[in-house]
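Shown here is one chain on its own, the form predicted alone, set out as structure tokens.
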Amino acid sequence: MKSIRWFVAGFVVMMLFGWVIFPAILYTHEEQPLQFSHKVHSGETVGLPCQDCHRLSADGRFEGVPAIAKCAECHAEAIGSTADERLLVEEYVKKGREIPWLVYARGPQNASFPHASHLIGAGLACERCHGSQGTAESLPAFRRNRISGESQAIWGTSIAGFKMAEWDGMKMDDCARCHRERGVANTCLKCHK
């Protein structure tokens, strides 16, 4: 009976370490260079669609985070009164410096994700993979895996692999599952070049 109690106690401690303590140690928390409200830009205040800033190039490649020139179209001078907007205008727009954003969805270098075929060809909404980020009031902290250097957004919030939402995680398994559900072929060379 005593050995069963020790086993259960050891099991509980190891599960606590593996699912709570280890993930807390594994990820760093880094703040973005400045705060940004997708809600203000994509909501009723400004009303920009995602593709206005995060666009596809003429050849169908995703351009990702917009260049400072895109921000300068509206923010040559401060429009609002926040410290982050003053920082945007004074340190980046007026100096022509790119903002060193920490990109949540940057995948491994050996994989490519063709946004055009998913957005245009399959008609998927940005929210399918990126969740409600387009309506967020502020940017969450960037959580970098200390071992791989990748964002936690790639792996998902649960270290055990339990998905909290459809868009929680952007691993190969997530892509393969989505392709299976939609009856789309999966071949290695579609994503790995």
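Every value quoted in this text rests on a predicted model; they were computed, and no experiment measured them. Just count from 1 along the sequence shown to find any residue number.
This next part talks about the form predicted together with a small molecule, which is not shown.
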| field | 4.5 angstroms heavy atom contact with the small molecule in the model of the complex for A76 | value | no
| query | Does the small molecule get within 4.5 angstroms of any non-hydrogen atom of F162 in the model of the complex? | reply | no
| request: Give a yes or no for G60: in the model of the complex, does one of its heavy atoms lie within 4.5 Å of a heavy atom belonging to the small molecule? | output: no
| query | How about Y27: is it within 4.5 Å of the small molecule in the model of the complex, going by heavy atoms? | reply | no
